[in-house]
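Structure 1 and structure 2 below are two forms of the same protein chain, each written out on its own as C-alpha cells.
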Structure 1
Amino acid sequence: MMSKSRALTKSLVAAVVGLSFCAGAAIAEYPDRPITVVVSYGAGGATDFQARIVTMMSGMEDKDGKPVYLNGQPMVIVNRPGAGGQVGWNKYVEQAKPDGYELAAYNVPHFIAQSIVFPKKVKYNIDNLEPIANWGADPAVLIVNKDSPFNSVQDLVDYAKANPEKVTVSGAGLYVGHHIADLQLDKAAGIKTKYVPSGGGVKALQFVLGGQTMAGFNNLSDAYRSRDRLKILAIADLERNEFLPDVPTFKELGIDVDDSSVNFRGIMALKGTPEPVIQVLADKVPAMFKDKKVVAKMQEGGSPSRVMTREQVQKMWKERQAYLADLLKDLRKDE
C-alpha cells in the first residue's frame, strides 16, 4: 500500500519536473511544431500567393536532412478573408495566443489606415502587433487603357482640372495603398478625381482594361503582367522599379506623391510574444525570405521582393502611422 502511493508521488514529481523542463526547453527549441500564418485575404490573391511562396522553405531540409530554418517546422497559411482584411486581423488580435505559433501576414498601409479610419471597429494597431520581417513591396502605379487619350500624368491632370470629379480611378478597395495614392495625387496636383473601390486588384485592373474607368491605381506586379494592354503613366515610389525601368516616378514629374502608398507585405506576431521567440523569428525569417529559391519564385511571379529586418519594419510602421494619421484625419469614421 505504502510503496504504491510512494510510487505514485514519485511519478507525479517526475511528471512535474518533466513538464517544467519541457516548458524551459520550449523556448530554447522554438519552434517544435508547425506555425500558422493568418492571411487576411482570400486564397489566390496577390498577398496569399506571395505568402505561400515566401514561407515554402520553412519546412524544408537541406541535402543532409538537417533543417535549414525554424527547425524544419512548416509555416501553414490560414486564409481568413473579409472586409479588406479587417475580419482576419481583428480575429487575430482577439483570439490568437502570443506564443509564436500563431503569426499573421500584414499589409501596410492597409491595416494602419484601417486602424486610423475606424478606431472603434478595428481592434488592431501598430501598438498591439510586433513586426517580424518584410518580404515584399508592391508600389502602386497609375494606369490607363491602351486606347486612352491620356499619354502622360500631365494629360490626366489637365483634363481633371477642366472637368472636376469626372475622372474615375479604380483601385482595390477603401484605404488600401491604391486609395492612399489617389488621395495623394488629388492633394499634390490640386485636382478632384472619383475613386471607385472594387473587390480586389484584379477586378480594378479589369475596370481599366475594359474601359469602365478612365484610369486606375494598381499593383505594379499586376499592371506589369498586363503591360501590353495598358499605358503605365507613373509609379508612386521614390525610385524607378527594376521591372518597369521606363516608367517615371511621380516625384520626377514634379508631383509630390511619395512612397506612402507602397504595399508592404510581411509577417508579424502579437505583442506579448516572449522576447526569445521574437529573436528567433527576427533572425531566421528574413534569411528564409532571402533564400535563393524564394527569390527566384518571386521573380518568376513578377512580385517585387524587398526583404526588411525587424528593426527596419518597426521604423517603417512608425513613419507610415504618422503620415497616414495626418492624411486621413478628415476621414475618421465611427467616432
Structure 2
Amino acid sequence: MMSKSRALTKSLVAAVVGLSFCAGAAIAEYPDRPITVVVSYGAGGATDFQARIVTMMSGMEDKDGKPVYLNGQPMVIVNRPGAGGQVGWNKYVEQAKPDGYELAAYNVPHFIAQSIVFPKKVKYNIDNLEPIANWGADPAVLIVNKDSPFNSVQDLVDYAKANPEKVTVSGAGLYVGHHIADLQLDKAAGIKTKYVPSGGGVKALQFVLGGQTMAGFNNLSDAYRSRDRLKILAIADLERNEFLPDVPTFKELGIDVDDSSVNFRGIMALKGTPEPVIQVLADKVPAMFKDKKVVAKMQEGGSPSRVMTREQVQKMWKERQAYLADLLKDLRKDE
C-alpha cells in the first residue's frame, strides 16, 4: 500500500508536469490572439504612421492559407500620447502583462534620455524593457514656415544672437530627439532659443505651420510629407538623407550638431516575458519589417528604414545609455 507522503509527492509531480506541458503548449501556439502595440505618441505622427505600416503584415497568410509571420494574428496599435512619451511608457511598465500580448513601440533617444534626466518621474529604463527589433532611424530636421524670413540656419542663428531667447523652437516633448537637437544647436552656435515642448510630433509640426513658433525640430519623415509648406534648413545627422538630398547637415554648415537626436524606432516587450515568446518575436518581427510591401510603404511615406535584430538593438540601447548619460551632463537644463 502506497504511503500518504509518496502519494502526495506523485500528485505534486504530476501537477508540475501538467502545468509545464500546458505552458509549453501555450507558448508553442503563441500568439493565439491579437497583440496590442502601445504607441506613446498621437495618431498621425511619425511613430504612429510608421508603426501601422511595419505591423500591417503581422496577420498575413500565404497563398495556401498558412500564417507567414505571427500565426495569422494581427498587431493592433493603441495610442497613449502625452508628455513626450512619458504617459504611455509609464502606463505600459506599470500595467501591462509580460505575456507577449502587450508590446510597445520604443523611441531612442527619447525613453533612455528621459530615464536619465527624470529617474524619479519615469518608471521605464533599459533594465525593465526587452527590445524585440528596430524598424527605422528618423533624423531630426530644423524647419521653419514657408513664409519665414529665415532662409538658412545662419539667418536663424544671426537673429537669435541679436535677440536672445526670442526664437521659439517647437519639439515633441522634453528630452526627446528634437529637444536634444535644439540643446546641441544652442551650445554649438552660442545662442539661446526658447524650446516649446508641444506634446507630440504632429503638434510640433502644427506649431510651425500655424506660426505659434518661429522654428521647430521635427522628424525628417513628418517634414518630408509636409515639405511643400516648409523650409527644411538642416538635418541633424552625419550625412545627407536620400529623401532630402538638397538639405545639408549641420556639420556641413560648420555647426557641431551630430546624430545624437536620430530617432530609432522599434518594438519592445516587458522584462519577464517568457524567453520562448521573446524568441518567437525576435525571429518573426524583423522578417516582417523587411516584407516587400512594408518596405515599399515606408519608402512611399518618406520614412527611413533601418531594420535591426534583437541582439543589435540590445547593443544599441547599452551604447546609447552610456553616450546620453555623458552628453546630457553638458546639455541638460533644470526643468
Partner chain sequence: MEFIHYFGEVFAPANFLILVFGTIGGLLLGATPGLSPTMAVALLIPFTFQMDPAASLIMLGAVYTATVAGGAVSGILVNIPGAPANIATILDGHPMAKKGRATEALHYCFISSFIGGVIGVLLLIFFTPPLAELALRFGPAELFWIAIFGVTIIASIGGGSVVKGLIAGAVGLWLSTIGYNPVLGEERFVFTDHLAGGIHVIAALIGLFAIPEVLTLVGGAATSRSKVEYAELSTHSVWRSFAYNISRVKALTIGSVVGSFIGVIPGAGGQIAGLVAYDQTKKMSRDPSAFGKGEPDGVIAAESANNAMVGPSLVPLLTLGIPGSPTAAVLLGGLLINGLFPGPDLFTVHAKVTWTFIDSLLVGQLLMMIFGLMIARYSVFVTRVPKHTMAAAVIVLAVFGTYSVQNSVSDVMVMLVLGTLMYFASRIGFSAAPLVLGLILGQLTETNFLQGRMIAGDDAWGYFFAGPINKIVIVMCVLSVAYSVYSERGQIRRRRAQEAT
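Residues are numbered by position in structure 1's sequence, first residue being 1. Each form is matched to the other, and the largest set of C-alpha atoms that superpose within 1.5 Å is called the rigid core. All of these numbers come straight from a predicted model, not from anything done at the bench.
Taken from the form predicted together with its partner chain, structure 1 is distinct in origin from structure 2. After superposition on the rigid core, the Cα atom of E252 is displaced by 2 Å or more between structures 1 and 2. Fitting the two forms on the rigid core leaves the C-alpha of Y224 displaced by at least 2 angstroms between structures 1 and 2. The Cα shift for T213 between structures 1 and 2, taken after rigid core superposition, is 2 angstroms or larger. Look at I143: with the core superposed, its C-alpha moves 5.4 Å between structures 1 and 2.
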